[in-house]
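Listed next as structure tokens is one chain, alone, in the form predicted on its own.
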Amino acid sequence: MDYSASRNQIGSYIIQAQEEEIKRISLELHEGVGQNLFSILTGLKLVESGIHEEQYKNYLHEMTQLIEKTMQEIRLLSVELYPPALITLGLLPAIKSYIKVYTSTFGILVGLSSTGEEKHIPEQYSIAVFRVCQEALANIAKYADTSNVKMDLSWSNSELKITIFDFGKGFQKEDLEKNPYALGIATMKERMLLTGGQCEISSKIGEGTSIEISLPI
């Protein structure tokens, strides 16, 4: 086995191991921590209904509201870590589900379009593409200074192409090494290379950044 093939195999193993760990944490948050909080919430509401002193009743009500808010945050974190829709429904529904959470979190509107018939993608590749899109959107929220993103998926019989354009402030390619965006871009490219696909980024100051992802299917 040559050096490049060995490097790719090790990289693929590391990413797969990371994804298994992320999946385990997501399930534990949803089914373990989330269920325990629900049991505590149910118990507190029962106690609250039997208390007549106003002071203690108000205190318990504040506690139940705090637990409800924490449960909602854990649900969102669980979906962000490992969206159930990715496995049960496919890549496109998972991206739509993530965009809803993304827009409600960052206030950035994402115009999503999809042309062609969605094809089945093996789980490992589907996760890789989802993570690259997730990283791209996260970087836009951090660095692009924009409130609008356009995302297009194009399905053919042999390839999936995804273009993400952010209408943001952009950057110069020669400044990329100094840009905190650089590590995220390198990770995105590495993930796509391990699937046999590609991830290309182009950007102009004041005109926004375009990310083009391609995956053979």
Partner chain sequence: MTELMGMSQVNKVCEALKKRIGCEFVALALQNEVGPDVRWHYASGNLNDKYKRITVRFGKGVAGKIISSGSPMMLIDFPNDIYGKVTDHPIMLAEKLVSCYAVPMFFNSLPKGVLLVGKREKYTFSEDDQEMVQDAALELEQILQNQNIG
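Between two forms, the rigid core is the largest collection of C-alphas that superpose within 1.5 Å. Residue numbers count along the first chain shown, from 1. What you see is a predicted model, and the numbers here were worked out from it, not measured in a lab.
Another form, the form predicted together with the partner chain, is not on view; read the next lines as being about it.
Heavy atom within 4.5 Å of the partner chain in the predicted complex: which of Met71, Ala85, Ile121, Ile108?
-> So the residue touching the partner chain in the predicted complex, by this definition, is Ile108.
Using a 4.5 Å heavy atom cut-off, indicate which stretch of 124-132, 111-119, 88-96, 141-149 touches the partner chain in the predicted complex.
-> Looking at the other structure, the answer is 141-149.
Stretch 67-105: residues contacting the partner chain in the predicted complex, 4.5 Å heavy atom cut-off | Contacts from 67-105: Lys69, Gln72, Glu73, Leu76, Leu77, Glu80, Thr103, Ser104, Thr105.
Kindly check if the Cα atom of Lys142 is displaced 2 angstroms or more between the shown form and the other one relative to the superposed rigid core.
-> Shift of 2 Å or more: no.
Can we say the CA of Met71 moves by at least 2 Å between the shown form and the other one when the core is superposed?
-> Yes, because once the rigid core is superposed, the C-alpha of Met71 moves 2 Å or more between the shown form and the other one.
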